[in-house]
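Listed next as structure tokens: two forms of one protein chain, kept apart as structure 1 and structure 2.
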Structure 1
């Protein structure tokens, strides 16, 4: 296990069972931990828990909604550059590094980079399209603690999100990884076309050997930052029904892990049966851009998250990110939102997805698609 002091106590990262545990100061003392400077009256800033590293911007899939606008001739930084970024992430005190891209399996050194991350004390995980996997690429993926395969559903559902049908290939990747004993999950992008078919997609993924599904809100970044976003995003009705949908899926798929991404948290505000305290107790994260999360672009620049525009600060200066104005602007909860002020989920949600807010309103929040924000604005317009 690895532990990191925080002003309120400490985070402890456990490998078996895999979990991140937050203990208060007395709990940390019971574990023999001393908070040092973090428990002083003026603690240093807390570094990210998790870093998302684009190890390439090269990808031949050509997904219509690619948030990075990855291309077949995209930038592929040399191994030494990636290693230097991993060192900076480890020195900052992060626990987990998630490799992405572009398509990470285009790199011949992918497995070695996973090993390097682990040697630095980081937990390496990776997301892949699963397309074009060879035995050698499977070997490289098997060196990660978990692999997530992008999979939005069978046939037409997959094509509705990505613009082409490669569902069978993604399914083969899930099965091949599971057969090798690699912990595998699927990333499922929610659009208004796929939302109604979510149960089928998850059941199929589970049958193929996936342990969990990560549900992702469709976001207006990269090639998705266009007017088509407005046609593909969830409808208001779908957004408001996320809580009941998750409840039903949890009942239908016992033992199968259900995850939501930070951008979906505001939609839970429409479900009064969800206890806000439970979100905090179970470590559900809303917008943690530039806070618990930081992203490293393929060119080495730091970004608040993978969807947000980058700073000019390079990853090697990660320990100076607190002072960067661009990163700081994305760090705080969305301000000036009357709907957020008394929202019971506010402390966790932190104002919703700033990427969506920036695209649709030009400001960093509040999230204009949050059911509470929609209702508040309707009241204001009617007043």
Structure 2
């Protein structure tokens, strides 16, 4: 058991099954934990719970919406550099390290890096396109606690997001990982073209052996930071229907896990049946950039999240990120909208996705695509 004290109690990492659990101070004491300075009147800042590490910016897929703008000749840092970043992440007190890219399986040492992360007390997970999967790459992926394969649906649905049809290869990767006994999920990017076909994509993924899906909002970063974003983002009606859609999918796919990324949380504000306390209880939060989450770019620089521009601070200084001005600007809830002030999800949502806000308005929030923000602005314009 690995634990970390927080002002309200402690985070406790369980190994079987891998799970991060929050307990209050009384529960922490029962486990023999002493909060020390974090239970004082002036606790020090809490470090990130999770770090997203780009282990390469190489990828030959050429997806139209690649958030990193990865290329076949992208940067691939040496093993020693990645290991040093993992040491810094563990030293800072994080629990999970999510390997990404680029395409992580282009690295020959991917399995060894997973082992190194685990030896440092970190839980290693990884996202892959699944394209070009070989027996050797499968062996490397099997050393992670979970592998998520990018999969946006069958045939045309996949092509609508990626710009080419490699759905069959992604499906083969999901099946191969599941047959190997590797915990596997799928990452599904939501666009206005694929939203209506989401149920079919998830049912197909489950049939292939995936145990859960991570639903991702299409974000204007990398190659997606262009005017095409405006045509691909969810429509207002789709965004407002996210809550009921999730409940329907959960009923249709019993036993299949559904997760949403932090950028989708503001869309739940349109659903009056969503209880903020329930979201907080199950760890569903809005923007956690530079707070519970931090990203490490392939060149070693820290970024608020994988989709945000980096600071000049390197990963080796992760324990000093609180003092960095760029990271601080992304930390904390967005402000500046009356719709956020009286929103019941405000404390959980934290103003929505700052990446979207920065691209569409030039500011870091509030999220201009949040249904409540859209409605509030319509009222203001009509007044």
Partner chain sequence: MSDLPAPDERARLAAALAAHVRVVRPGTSANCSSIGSVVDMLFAGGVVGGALFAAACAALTADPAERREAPDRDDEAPGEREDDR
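What we label the rigid core is the largest C-alpha set whose atoms superpose within 1.5 Å from one form to the other. These numbers were taken from a predicted model, which means no experiment stands behind them. Numbering follows the first chain given and starts at 1.
Between the two renderings of this chain, the form predicted in complex with its partner chain is found in structure 1; structure 2 comes from elsewhere. Comparing the forms between structures 1 and 2 on their rigid core, the Cα displacement of residue 363 stays under 2 Å. Once both forms are fitted on their rigid core, the CA atom of residue 375 lies less than 2 Å apart between structures 1 and 2. Fit the two forms on the rigid core and the C-alpha of residue 17 turns out 3.2 Å off between structures 1 and 2.
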